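Let us start with two forms of the same protein chain, each given on its own as structure tokens and named structure 1 and structure 2.
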Structure 1
Amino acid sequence: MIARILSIGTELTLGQTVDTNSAWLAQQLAELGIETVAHATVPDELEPIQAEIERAARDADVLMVTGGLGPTQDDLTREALARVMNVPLDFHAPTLERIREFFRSRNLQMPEADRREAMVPRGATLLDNDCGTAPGLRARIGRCDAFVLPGVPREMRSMFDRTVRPVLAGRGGFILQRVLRTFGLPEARIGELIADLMQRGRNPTIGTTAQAAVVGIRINARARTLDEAAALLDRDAAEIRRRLGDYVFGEGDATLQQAVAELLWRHGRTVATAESCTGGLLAKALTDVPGSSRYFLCGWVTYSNAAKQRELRIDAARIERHGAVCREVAESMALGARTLSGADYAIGITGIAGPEGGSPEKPVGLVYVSLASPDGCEVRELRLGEYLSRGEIRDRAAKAALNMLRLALLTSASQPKAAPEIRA
């Protein structure tokens, strides 16, 4: 079964907003065994919307349309769909009543413009919106089953999960996907290590994508039954893991911080952070994970040298000797954070995020990451280069720190916890 995806919105064609709905829908459809063969994006104009719906419906079994269902004058999808179906738009009183109730329950008056959302192409089915006002639509266009959802991501996803997914489940053959996430190995090197598995025409198909220093290895297996597809996936995933070892940190949407969180929980360990150039990004990453209060105790963002000395008890002479960006200060930050917080592990990061602040000896992108653990303290020097942006340098440094902690947790046996050194 084949699908096409159509996103409607001038903010999309003019590039003001990045389209995330299409990628999400394509993933959902893939899990349902439906292959998306193309995406299209058109502006809030009647003719292009109508033309694209007609075109897509001609050669797809399923069409997912998002956008243009709101209450304003540039919301034209209902009208365009009605034209494609060659039917009038009918006013649907129960929908208007639902919309009024939506506003009433929030102590608000319904803006008159929202009446437009109660217009329905004759013969279309309504899809309930439990997060917003505009109902979605479902209509058959020739052999194509077309679904029209809101453009607002939260409303769209909820409507898809509740009203579309149950309808589509079981329709397609089976295409199962799995993505392995890796960090620390260049994409080209991964390509060499699994070159035989990546040959064209093979099933499963394997592709790699690099995004913000995380390389995703996408495995797609096709089969008549779910079990066969799963078996093909398992075999390839196991072989890739065997070859890449600890470079693989997770699957699917897993992040380095989730991998770290699971290891900290499993070993019953705690962590604290002391950041300078990353400015709080590492602590934020560690606390992204629900339940992080079980392992994350405390973080410092000692941006100024005064703060480093005052809060982490770092010797002023140490900073004067080599400046704030050096191995010694990174180490002192990690050790200070560990001592003060009583955590099992502590990370210290100091570096030059740029764009200013670099010099020939200490260029932009130079970052020292230190990990203090029950076994001692190690420091790693990163040279992230002068071509990454400030945001990218901060991001890569935080990821390198997370990975350092992850690898240390993987190699540490479950040793009895040493008594924490807490300063009263």
Structure 2
Amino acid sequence: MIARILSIGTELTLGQTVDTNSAWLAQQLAELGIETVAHATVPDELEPIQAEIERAARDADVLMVTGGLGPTQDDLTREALARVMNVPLDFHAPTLERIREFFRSRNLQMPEADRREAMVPRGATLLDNDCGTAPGLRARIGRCDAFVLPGVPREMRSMFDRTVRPVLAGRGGFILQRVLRTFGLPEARIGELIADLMQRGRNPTIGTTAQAAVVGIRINARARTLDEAAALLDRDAAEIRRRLGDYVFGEGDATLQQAVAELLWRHGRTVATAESCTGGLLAKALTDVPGSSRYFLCGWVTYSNAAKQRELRIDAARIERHGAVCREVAESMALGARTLSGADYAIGITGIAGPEGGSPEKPVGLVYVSLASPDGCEVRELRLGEYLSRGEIRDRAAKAALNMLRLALLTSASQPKAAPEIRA
């Protein structure tokens, strides 16, 4: 079975409101084995709404419509549906009484405009709204089963779960999805490593999406039974993990900080941070995870050279010789933070986030990330590029630091050693 999703609202077409309904509906339909082939968004105008409903009626098994069911003059979905069905709108007295009761229960007077919500295309079935006033609609148009739901996300989701999901369950088999999340490899390189798995016509289908330096690998498995779909999904997920190894850090909505937190908890390790250009972003990420007090000891934001010298005890001569953005200062920041905090691991970050401050020798986007651990101190140079914004450079630097710690935790089996001395 295939589906189309239609979102109605001038505020959507103008970009004033983000359409979250379509994404949610597509996910729910996929769980029911129904593939969404198109999303459309049209303004609150009769002809475009009618045209999209007619298009879906020609080539889709299911149409999901959201929006345009309210009480105002620009809510025209009922009228458009009635036109496509070639039927009149009928007044439905029980619906009006239910709407009146909705207002009475809240000690409110029902506006007369709400009478519009009791108008129903003849032959359509009403779908009860348990958390709002506007009922939904269901109509058969040729081969297409059309469901018209409110645009308010809370009302739409409740109505779908109660009245649409039971109708569609079991019709389309099963589509299961899993997303593997990776960091450290470009999307193009990942595409090369799993190219045969991404070939068109395969089941499961596999695709990649890059966002803020994290590459997600989407696996969609289709089968007649849930067990068959799960087996296909598990097979390809295992193969991708085998090929990409530790570049895969989690699944679904997992974040790098969550992956790091789990490893810190598992190994009973602690961490501290010393940041310059990221301004505390790394410490925030580490403490965004509930329960972070179990592993995060403290952090420093030493933005100025004086603060680096005073708070982390970095030798002024070192900064004078190499500048604040260099391997040596990054190393001293991590070592100083580990010594002063007593943490098992400490991370230092110094760099040029821009947009000013760069030079031919040290361009914007140059960042040094250091990790002091029981096994010594590692420093990595990042060239993030001047084409990134200040916020993007800071975000990617923090993610790179988290990933350094994650990989160290994955490979380290030794017990914590005494904190190394701060180097002059």
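Reference numbering: structure 1, starting with residue 1. Being a predicted model, the structure only gives us computed values, none of them experimental. Rigid core: the largest C-alpha set superposing within 1.5 Å between the two forms.
Between the two renderings of this chain, the form predicted together with another copy of the chain is found in structure 1; structure 2 comes from elsewhere. Core-aligned CA deviation for residue 127 between structures 1 and 2: 2 Å or greater.
Superposition on the rigid core between structures 1 and 2 places the CA atom of residue 102 2 Å or more away from its counterpart. Core-aligned CA deviation for residue 160 between structures 1 and 2: 2 Å or greater. Aligning the rigid core between structures 1 and 2 leaves the CA of residue 38 offset by 3.6 Å. Superposed on the rigid core, the forms differ at residue 112: its CA is offset by 13.8 Å between structures 1 and 2.
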